[in-house]
Ligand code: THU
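Here's a solo chain for you in structure tokens, the form predicted alone.
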Amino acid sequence: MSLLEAAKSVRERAYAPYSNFKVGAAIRSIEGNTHLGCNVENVAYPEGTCAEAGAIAAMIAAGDTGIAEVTVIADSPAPVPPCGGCRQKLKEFAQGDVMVTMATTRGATLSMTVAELLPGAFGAGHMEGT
């Protein structure tokens, strides 16, 4: 199953009763395994969980150590990039050249590297490039 198909599948299980904005994410780890996540909303909006964060948590729980590729899908007119927090989480577990594909249920896609999504990312105790 492709990452796009996997992300589409898990998106259907998202829990988004407040926004009705369902998101699915699929990560292929550097170990070659696929890990899935979907958004889970809570009435206290900031307490929800993004799809990307869920997929990363599943990857870590499975014992894998890094991200090789990411696909995220949402029902929107244009591809939606990961939020700032998820960009930082992706950077924590992926090299800058790792590709992130953002897709819509309508067939549009946009691909960018982690470095393009998060220039000036924080590293372990410092800003990269300083």
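Sequential numbering from 1, following the sequence displayed. Every value quoted in this text rests on a predicted model; they were computed, and no experiment measured them.
Heads up, the form predicted in complex with this ligand isn't pictured, but that's what we're talking about next.
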Quiz item: Which listed residue (C83, A61, A78, A44) meets the criterion of a heavy atom within 4.5 Å of this ligand in the predicted bound form?
Solution: C83
Quiz item: Of the options V98, L36, A103, C50, which one has a non-hydrogen atom that comes within 4.5 Å of this ligand in the predicted bound form?
Solution: C50
Quiz item: T109: heavy atom within 4.5 Å of this ligand in the predicted bound form?
Solution: no
Quiz item: Taking this ligand in the predicted bound form, which residues of 14 to 41 have any heavy atom within 4.5 Å of it?
Solution: S19, F21, V23, N39, E41
